[in-house]
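Read the single chain below, which is given as structure tokens and is the form predicted alone.
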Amino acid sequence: MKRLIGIALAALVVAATPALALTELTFYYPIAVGGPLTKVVDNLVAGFEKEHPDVRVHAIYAGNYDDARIKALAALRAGQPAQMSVLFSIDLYELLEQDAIVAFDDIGADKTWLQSFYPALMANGTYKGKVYGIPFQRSTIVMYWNKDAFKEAGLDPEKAPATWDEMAKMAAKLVKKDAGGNLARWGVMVPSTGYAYWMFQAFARENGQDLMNRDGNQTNFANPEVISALQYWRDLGAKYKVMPEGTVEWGTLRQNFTEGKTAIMWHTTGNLTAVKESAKFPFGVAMLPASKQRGSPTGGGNWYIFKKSTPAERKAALAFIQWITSPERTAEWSIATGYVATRADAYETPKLKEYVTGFPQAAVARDQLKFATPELSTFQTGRVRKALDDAIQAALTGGKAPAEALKAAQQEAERLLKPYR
């Protein structure tokens, strides 16, 4: 009888215990670079849910960065918003203008955590002293080179060009023609579709200039050093004949490199793992060459938390972002994708330390951060960026002289940004 009473009391206790409150989170995630990233993200989400059984996280894979931003903002306007998203780091000003995001400082984020990321990567996510974007899928532009092609051309396969002059001279030796005189391999390729402004930022930075101020309301497109940077890019194809004249496709360049159609390419470090897995030849990775200095813009995506979320959702979203950007997960992410680890302590984890020892190319993007500048981001970012992209295309295809093209882009940027000053 006592045993039956005990069982009945236990059943009453269980019945009276409230069910675990479940918080549902949705985020948009851009797939902008090659590689099995969806599987990596899915595995991370599963790991978080295992440790946090009271939270369910749903990832919506949304194409490139522009697709992800458009879909996230459309859902927001339709009253079906996600609680968080990985969006372009340069989307900050647009998201602020639309009053779409909250500052991590305002939802209880610990300052020690906010200060754990590389300052160069935090620049695109910070506005007026508050942090709105947490670095995650971040990159710099690096230079990949085919060591076999260097050896074949009589160049040191272990030494990448360190200056613009060296790159032009070495690329000339790397151009290869077949027995019929047809071009079989270019010396260097720099992509000029998709993210032309990003590549151009590297040239401008290396020539001593940044393209915008830190308040997002002033551009520097018509500076003489910026103009000469675009002239050099144009000259690689039109004058030195070491690169295709006109445009080079972002989306197919990695394949061109791994198939031996170019000996050198400039591309995102986010392609590092994919190149490692597909190249059939030894390759090197180096910082971009210098004119007056080294330099590359940072790039990639940040985590944002949207305003249209409940306190419980914000708390869960913050917990998820803190978890996925911890040193251990950051190390796993960097190894799996090639993106730069966003915090120094990730490089001290045994896993990433061992990986970098065996594959030192993985440390190049990190080391280049000390020469990095924030990616081009202003108010009216889309229109300002289009004006610059159009100028770059016009110059590379020979439609306009670099000076003429960039002065027109600067005039358009002035018109767009004047109200914000």
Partner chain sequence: MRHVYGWLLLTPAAILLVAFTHYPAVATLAESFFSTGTAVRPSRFVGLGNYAALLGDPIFTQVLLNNFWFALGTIPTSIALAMLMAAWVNGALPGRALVRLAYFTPTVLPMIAVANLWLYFYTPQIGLLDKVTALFGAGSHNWLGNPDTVMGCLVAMTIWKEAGFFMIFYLAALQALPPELGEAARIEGASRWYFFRRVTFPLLMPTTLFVLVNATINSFKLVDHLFILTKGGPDNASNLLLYYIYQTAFSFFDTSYAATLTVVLLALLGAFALVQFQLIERRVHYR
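Numbering follows the first chain given and starts at 1. Think of the rigid core as the biggest set of C-alphas that the two forms share within 1.5 Å after superposition. Small disclaimer: the values here were computed from a predicted structure and weren't measured.
Beyond the structure shown, there is the form predicted in complex with its partner chain, which is absent from this document and is the topic of what follows.
Checked against its partner chain in the predicted complex, the candidates 210, 235, 249, 225 yield a single residue with a heavy atom inside 4.5 Å, and that residue is 249. Residue 99 is the only one of 277, 99, 156, 110 with a heavy atom lying within 4.5 Å of its partner chain in the predicted complex.
For the chain shown alone, residue 390 is a contact residue for its partner chain in the predicted complex, at least one non-hydrogen atom being within 4.5 angstroms. Taking the partner from the other structure, its partner chain in the predicted complex has no heavy atom within 4.5 Å of any heavy atom of residue 81. Although the partner is absent here, residue 47 is not a contact residue: none of its heavy atoms lies within 4.5 angstroms of its partner chain in the predicted complex. Although the partner is absent here, residue 194 is a contact residue: one of its heavy atoms lies within 4.5 angstroms of its partner chain in the predicted complex. Only one of 295-303, 225-233, 346-354, 259-267 places residue heavy atoms within 4.5 angstroms of its partner chain in the predicted complex, namely 259-267. At a distance of at most 4.5 angstroms from its partner chain in the predicted complex, all three residues 94, 186 and 383 contribute at least one non-hydrogen atom. With the core held fixed, the Cα of residue 64 is displaced between this form and the one not shown by 2 Å or more.
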